[in-house]
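What follows is a single chain, given as structure tokens, in the form predicted on its own.
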């Protein structure tokens, strides 16, 4: 009997595309975090001067933090030149972390008090609140959010001071694509608006688009190039260059370098910091 030929021995394989189960789509990220990857990459927390942060855990749920900052602060000016005054402040904080309740409090030497609360009222419903109290007139504010997490969607209702009301909804339509919308009403300023957003994400990239009736159009694209990159930076259309580097020296010890160069405004910011504790 004749030996089988190579054509008969190797049969062509046909790749079958995995069928999408539209009744089992993943839950999307919150609407307000639509651009979070782009914001992390393009808006690093740059600062000018020296910063030192220390966090000490007292037990598994409670921790205290101390922060010292010394450096110039920009003040508003009608001229094109940047006006800076030397400042320094100390910040004391307390954190309570529990699987269903998180409390964060900060007190600054200039009199400001910041507080944040995150409470899981049920497996699907979460209450979030943040407030800032200051001695300056009309500068204190408070915001309360109710977030509902469904199987393949999220919704949120917002309530803030100044008669601010808002609501948003985001729905997964494919395993990679989610669509959403929002409405808001600012009673103090007599303004209202609606917005729409789309987000497409894979393991290597994230693309988002957002438009609103207020005239805002935001587009972003993030491509992952490495899992170990610690340098964040940007160059904008005005020629401003920003870089932020956070390097772990040891367990619980991070060194920070920050820089922003704006030749157009002749504004140059350089800072360094140290973070101790987790």
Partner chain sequence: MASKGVSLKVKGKSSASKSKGSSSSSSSDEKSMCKALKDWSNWGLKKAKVIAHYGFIPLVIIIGMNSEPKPSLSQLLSPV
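This structure is a prediction, so every number in the text was calculated from the model and none was measured. Residue numbers count along the first chain shown, from 1.
Keep in mind that the form predicted together with its partner chain is missing from the display, and what follows is about it.
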query: Contact test in the predicted complex: residue 163 vs its partner chain, heavy atoms, 4.5 Å; finding: yes
query: Partner contact for residue 47 in the predicted complex: its partner chain, 4.5 angstroms, heavy atom; finding: no
query: is_contact(residue 116, its partner chain) in the predicted complex, heavy atom dist at most 4.5 Å; finding: yes
query: Interface membership of residue 86, its partner chain in the predicted complex, 4.5 Å heavy atom rule; finding: no
query: Stretch in contact, per heavy atom within 4.5 angstroms of its partner chain in the predicted complex, of 93-101, 169-177, 199-207, 70-78; finding: 93-101
query: Contact residue in the predicted complex, from 107, 159, 183, 127 (heavy atom within 4.5 Å of its partner chain); finding: 107
query: The single option of 243, 29, 211, 64 touching its partner chain in the predicted complex, heavy atom within 4.5 Å; finding: 64
query: Any residue of 183-215 that, in the predicted complex, places a heavy atom within 4.5 Å of its partner chain; finding: 188, 190
